[in-house]
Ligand code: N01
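A lone chain, given as structure tokens: the form predicted on its own.
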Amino acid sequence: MTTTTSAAAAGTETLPEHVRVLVVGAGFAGLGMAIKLEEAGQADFLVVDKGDTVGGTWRDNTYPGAACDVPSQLYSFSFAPNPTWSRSFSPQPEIHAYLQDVAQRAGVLDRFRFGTTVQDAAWDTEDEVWTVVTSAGTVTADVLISGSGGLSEPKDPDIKGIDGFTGAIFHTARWDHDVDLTGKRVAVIGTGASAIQVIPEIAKTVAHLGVYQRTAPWVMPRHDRAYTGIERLGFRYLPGLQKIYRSAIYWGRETYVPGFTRVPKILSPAQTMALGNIRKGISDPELQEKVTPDFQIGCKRILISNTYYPALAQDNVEVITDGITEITPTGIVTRDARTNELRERDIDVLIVATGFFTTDQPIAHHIKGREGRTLGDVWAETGMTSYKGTTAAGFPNLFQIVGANTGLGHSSMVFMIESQIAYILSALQQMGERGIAAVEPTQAAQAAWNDDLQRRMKRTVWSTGGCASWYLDEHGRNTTLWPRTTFAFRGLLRSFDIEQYVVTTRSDAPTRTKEHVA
């Protein structure tokens, strides 16, 4: 890699002029990709990230109570088991520390540039490279890999007056640790995964907590426990023990798939358990009714907590289901659906727990393909679509990790990430062996892939369960989740199927020729 002296990156490092592979994002996806590129002998890569260290979502989400809802043994790289997990479900600091440790031990951090934001990426058809403009300078790359994922950009609510609120206001993913909530009147908008972790923690110290609930979630008991000393010794000195734990958890979770994707009635016992969780945590019948969902379990993300319902039952906590009409400089105004009466509640701090841009990934609006259109422009017409959740027609040499329809409702995204990494490595290997300059999926291959996905979606609980969720885009299509088993996904991405791609081959001639590889 040749290095420029004009573009300053994080610290004293500078950006190279050109790399074979540029990776965006330093979470599980970007770090895993970097490690596997290094192992494959493809060391000419660079990873850029807007943050100051590896970790992605697990670096950014530092709100009280932040933890994973996938068991620890499954929420780690298969090639880097962690014998030091303290609990069966890992808290955020441990996951972040794990990723930092893996990065250090892998010896790849010299090719990471932190504090570097991608501002624009455009495919150069003539030179067959990506020209990427960042906050630290410009770099060209033969291959661009986006590992930014769907949980990188918080989504703020569009509520009248919110910009005029004079108290402290922040999203759970951008928690302001300088704000002391002790004795304050606090409002939380949203009852999703982060909210149900935050609420029990802050309810301990605030004077009053208003929980603004639009849709009640299904919340299952959290079967979390601390690992015993004997277990932790076994994890450290008996590697096979962790493999047994991991395998048992993995296959146990795969048994949930038919309930989500084919026969939702299978989830009935889970719904009964979730109803029991409500009754166990809340004794007041009126509050029980407020927090009982009116849709089938699994239609929206199933949450897990043992402390959420008891927190809602505290005297200083109020669950508010009336719709928010506006936010004033000092409070929140709601409208009673039955009486049409308005009511304003004064607050000191406003916390928004309203999720992320999952069906419209922000980075897509900064990536321009062969025709000069951004990926976001294309998705605005078609919805978030791709081929195998990894490549996109019209965008040569662009690979996405955690792209369209790769999300899960039952298992670990790390498994999906590793599957995509293997597919990308296979592509890079074939490109090198065959002298290929660029690859992009054919329109026919991409259309067939997505037609099959949407056909399968019709019978899933996400489509039939009677809810409106963040899984669905503005067209009502589920472009977020994978409607099959994770091992089916891995099998489909085991090797790069170049016959489904249009390729541009390199030649000794001044011009390059396009051909479809059969």
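What you see is a predicted model, and the numbers here were worked out from it, not measured in a lab. Numbers for residues come from their place in the sequence shown, where the first is 1.
Another form, the form predicted in complex with the named molecule, is not on view; read the next lines as being about it.
Comment: the named molecule is not present in this chain, but in the predicted complex one of Q361, T134, S194, Q73 has a heavy atom within 4.5 Å of it, namely S194.
Of the residues given (L472, C68, I35, M457), C68 alone sits with a heavy atom within 4.5 Å of the named molecule in the predicted complex.
Contact with the named molecule, judged by heavy atoms within 4.5 Å in the predicted complex, is confined among 296-304, 393-401, 202-210, 373-381 to 296-304. In the predicted complex, the named molecule lies within 4.5 Å of some heavy atom of R214. At least one heavy atom of P157 is located within 4.5 Å of the named molecule in the predicted complex. When contacts are judged by a 4.5 Å heavy atom cut-off, W462 does not count as touching the named molecule in the predicted complex. Using a 4.5 angstroms limit between non-hydrogen atoms, T334 is distant from the named molecule in the predicted complex.
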